[in-house]
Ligand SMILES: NC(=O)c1ccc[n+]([C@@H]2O[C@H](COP(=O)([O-])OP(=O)(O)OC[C@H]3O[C@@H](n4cnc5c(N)ncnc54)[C@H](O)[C@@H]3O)[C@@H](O)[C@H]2O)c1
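One chain is shown next in structure tokens, namely the form predicted alone.
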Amino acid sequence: MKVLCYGVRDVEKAIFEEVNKKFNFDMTLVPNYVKTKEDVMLAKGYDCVILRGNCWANKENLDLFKEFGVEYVLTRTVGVDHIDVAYAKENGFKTAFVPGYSPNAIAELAVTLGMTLLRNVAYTANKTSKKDFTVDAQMFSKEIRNCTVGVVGIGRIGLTSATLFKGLGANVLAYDAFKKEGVDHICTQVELDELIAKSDIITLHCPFIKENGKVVTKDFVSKMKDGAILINTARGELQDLDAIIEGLESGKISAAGLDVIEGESAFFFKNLENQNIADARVEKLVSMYPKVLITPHMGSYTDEAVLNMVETSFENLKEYIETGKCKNEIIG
């Protein structure tokens, strides 16, 4: 079984190689994302491709995969919106995804962004990097134990974030479309409007459901507590950037930490130093540092998360080979 793994960073190679000792696939690792025809051409002669986010398995690329003899189009991600699932199934591809990985990876980043903004660490370090060691009013902060943190979505990741914030002493409120049992020792479940109004920090950990639209809208921002901090390590599509910018400019939102942005593949993972970003809203947010901290979708970029994703992807392929079926098949 010849397997081509796309989007593999140098620090991930050792993890792929160690995991493959259990599977013995004829494996090739490339740093390329699937964006151009040249990227797709690399799949010639392979039976399986393993994608990551921002590797586009659209109609055009799937047609080429089919022409090259690829049978399995797997992704080492939870999200599958980079794959035209219906067209893949129509053309007989076997597909699978990773239903979950270390929730701590995303949760720890959410807490880190929240605490960095709450304690004005980036602002202060930016000043001292210029040898300005004065202490000013902007550095004054509440302690997290005197804050209320609102967690929107308490699946595995959201509940881990809630647990970490609770461990720091915060009062944690939570909202989920489906009420959870057995979490009252960690958080208090409330309606979304109450969470928005009472939270000093709001962190998003919910899926994006197209039919439901965005979560962070102008109405959402207008209901926020004055000077609250917004964190999104979930999905870029959940937020209206215009609403966030307006909230930041008015002071309604004091700071934002964003690991995801809608349309991020146009600029994430690229070096655009001294260049303008095509999306003026993103350009504006970048200019608002250190009030706005943007990280390039690195929430899952940890040793444990990558290990989980690679192991599950290889297990998915092994299950297909041995049984013709896979419990993690993408249903679409």
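Keep in mind the model is a prediction, meaning the values are calculated, not measured. The term rigid core refers to the maximal set of C-alpha atoms that superpose within 1.5 Å between the two forms. All residue numbers are counted from 1 along the displayed sequence.
Beyond the structure shown, there is the form predicted together with the ligand, which is absent from this document and is the topic of what follows.
Contact annotation: residue 299 falls within 4.5 Å of the ligand in the predicted complex, judged by heavy atom distances. At the 4.5 Å threshold, heavy atoms of residue 199 stay clear of the ligand in the predicted complex, well away from it. In the predicted complex, the ligand lies farther than 4.5 Å from every heavy atom of residue 114.
In the predicted complex, at least one heavy atom of residue 177 sits within 4.5 Å of a heavy atom of the ligand. Here the chain stands alone, but in the predicted complex its contact with the ligand, taken as any heavy atom within 4.5 Å, falls in 258-266 among 258-266, 218-226, 67-75, 123-131. With the partner omitted here, the residue from 253, 88, 154, 173 that has a non-hydrogen atom within 4.5 angstroms of the ligand in the predicted complex is 154. In sequence order, 233, 234, 235 are the residues of 222-236 having a heavy atom within 4.5 Å of the ligand in the predicted complex; the partner itself is omitted from this view.
Core-aligned CA deviation for residue 81 between this form and the one not shown: 2 Å or greater.
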